[in-house]
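Just one chain follows, in the form predicted alone, and it is written as structure tokens.
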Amino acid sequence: MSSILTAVAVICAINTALAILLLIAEALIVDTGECRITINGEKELTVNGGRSLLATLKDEQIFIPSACGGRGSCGLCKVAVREGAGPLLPTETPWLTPEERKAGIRLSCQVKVRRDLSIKIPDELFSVRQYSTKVEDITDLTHDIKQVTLKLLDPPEINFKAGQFIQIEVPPYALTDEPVYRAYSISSDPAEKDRIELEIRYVPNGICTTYVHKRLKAGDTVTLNGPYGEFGLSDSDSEIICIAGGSGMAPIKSVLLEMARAANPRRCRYFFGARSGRDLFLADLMRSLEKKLPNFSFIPALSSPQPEDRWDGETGMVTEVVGRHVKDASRAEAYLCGSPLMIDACVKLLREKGMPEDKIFYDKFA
């Protein structure tokens, strides 16, 4: 078995290396010149060829979401390419379903602008803008999560929906020789249009998280673009079950703040999973929201409480806690934010509790 796994890994590595070599060779050999990009059959751009479609559109102030900054490791930057994309690359295939491949869906970070292109993108992306902001405050929420408050400078306001995300630009520094973008959910109330809050968890050697945790300070300027995403509260009267862990708190917090401002009467239970007391945060805010929203309850759970935590609340994995509290989920809907493993486990549990699959909404934080 180990020899088979090794062979598969070697083949994948060879395919990736060949794809990279092909891109390098194409960049060196092909004379690109000017190319035309036709968007949605209406808008036409004349651009210099040679770069990725993602980067080329960004230069034209058309922003395609890309959580990995264009490295082909997130699968978010999908666009429909009608003509001119060239063959599908091995770096794209893991992110595309058979239906998407048949429909001409491609990763815009992997498609090179070498010839005239015809593409289709969602109309809402034309409203995405780039913003200049100033760091107003940086607060430690836990030992590895910082809350960053950004004041909008130009334009001075941003319109977003609770649950959406933005991309911040990290300038060149020790871990990157070029600007890169990373995606983060907005954690603040959409009514506060002149500033936004982000909750950013530190990932060792992560380009953006290292920059934020080790270098960014109050008064610095930050470039961002957005908003993006369709995650957010539905317009119904169903019971709401929220489940999050770590920085997955961010979009749920935004949704809850909006609910409190609107005095939303829907029943809502929010299960938040943390390892120990030092990983639990914003509990006081959640308790204050319980007073503003009589049908809202916050249920934190610690999987490994420490003696110094003096914890008398729920213990165990968050899925275990949800399983104890939720008996029948057939008439509820769920909003899940956190790691892919946590979300997959929660989806399985909620389906077992009777929740229809189309009532489970999630945002995986890779």
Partner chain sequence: MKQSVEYNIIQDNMRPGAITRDGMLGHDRRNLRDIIEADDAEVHRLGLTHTSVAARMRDLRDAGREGLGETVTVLERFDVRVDSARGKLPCPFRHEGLFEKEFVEVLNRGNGARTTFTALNIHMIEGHGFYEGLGSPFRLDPARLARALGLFHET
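Residue numbers count along the first chain shown, from 1. If you're wondering where the values come from, they're calculated on a predicted model, not measured in any experiment.
Absent from the display: the form predicted in complex with the partner chain. The rest refers to it.
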Given that the partner chain is left out here, which of Ile37, Val321, Leu57, Ala67 has a heavy atom within 4.5 Å of it in the predicted complex?
Ala67
Option touching the partner chain, based on a heavy atom within 4.5 Å in the predicted complex, out of Arg261, Arg215, Lys291, Arg275
Arg275
Proximity to the partner chain in the predicted complex (heavy atom, within 4.5 Å), stretch among 169 to 177, 120 to 128, 219 to 227, 147 to 155
169 to 177
Answer with yes or no whether Ser339 is in contact with the partner chain in the predicted complex, where contact means some heavy atom within 4.5 Å.
yes
With heavy atoms only and a cut-off of 4.5 Å, decide whether Pro204 touches the partner chain in the predicted complex.
yes
4.5 angstroms heavy atom contact with the partner chain in the predicted complex for Pro265:
no
Within a 4.5 Å heavy atom cut-off, is Leu76 in contact with the partner chain in the predicted complex?
yes
Looking at the partner chain in the predicted complex, is some heavy atom of each of Gly163, Cys242 and Arg310 within 4.5 Å of it?
no
At a 4.5 angstroms cut-off on non-hydrogen atoms, which residues of 82 to 112 are near the partner chain in the predicted complex? List them in order.
Pro94, Trp95
